[in-house]
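Next up is one chain by itself, shown in structure tokens, the form predicted on its own.
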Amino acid sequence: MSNRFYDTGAARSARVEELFGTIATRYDLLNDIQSLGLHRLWKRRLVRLARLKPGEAALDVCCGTGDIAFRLAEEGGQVVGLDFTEAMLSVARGRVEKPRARGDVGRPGATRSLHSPEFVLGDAMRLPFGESQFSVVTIAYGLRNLADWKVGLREMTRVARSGGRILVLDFGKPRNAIFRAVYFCYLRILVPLFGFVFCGNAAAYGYILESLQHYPAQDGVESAMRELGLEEVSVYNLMGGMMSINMGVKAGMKVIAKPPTD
């Protein structure tokens, strides 16, 4: 399998940026279609697990159009959403001014934040923040897209405070071989078809399966979190492992070195 948006080499970042720049205006619509709206439930679960308290700082890495950032802000957090695709950030910033465009954000019972999320352009593998700044650091459907996902996870850990929670939501790999085969068939055939019909770009959504096949998914992320010294490492499998949330808590005050600048 070869997808024009997938590259294992130096062009990886540029290809991914092109992909998300291409689909930015249809990204939310396609998420609803391909997941039958279930992505909203999975993101709510992520935010519940984050246990963000009013006034605490949170960072959503690879924030896209802002779903997680807005949900965290409704918990009363001081939230920053970071992405390296300006087209996605443009959609997110537009949603600040148009609350109805946020879908179920604004649901009854949510805490109104005094501050909307701040959206910034930046590289997930070189986060433009100092050490130990955030009580919660999240990433949804982004770690898999990085040129080196382990560097991204290390950066998330570096900017988290001691006791801070680090959470990763992404496509998973079901352990049941039959279920996994059916799931991969769905990603191979139907998801690119949705991309073609609603976005005019099958390759952009065919990318999901190719990137997932090269990604260790929930088990690999769990191992990497333990290697980084995170505590309370947990895996929450959703839909039989088709989706998953990895969570860990930063321990102590061990310094995680920032990657050197060029």
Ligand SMILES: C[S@@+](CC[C@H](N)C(=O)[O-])C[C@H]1O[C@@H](n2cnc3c(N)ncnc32)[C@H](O)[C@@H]1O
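Just so you know, these numbers come straight off a predicted model, no measurement behind them. Note that residue numbering begins at 1 and tracks the sequence as displayed.
The form predicted in complex with the ligand exists for this protein as well; it is not shown, and the discussion that follows is about that form.
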Let me know the one among T85, T157, S135, Q78 whose heavy atoms come within 4.5 Å of the ligand in the predicted complex, would you? T85
Report the residue, out of L187, L146, V91, L167, that has at least one non-hydrogen atom within 4.5 angstroms of the ligand in the predicted complex. L146
Can you tell me which of 220 to 228, 25 to 33, 190 to 198, 48 to 56 lies within 4.5 Å of the ligand in the predicted complex, counting heavy atoms only? 25 to 33
Please determine whether E131 contacts the ligand in the predicted complex, using a 4.5 Å cut-off between heavy atoms. no
Could you tell me if D123 has a non-hydrogen atom within 4.5 Å of the ligand in the predicted complex? yes
4.5 angstroms heavy atom contact with the ligand in the predicted complex for L209: no
A204: heavy atom within 4.5 Å of the ligand in the predicted complex? no
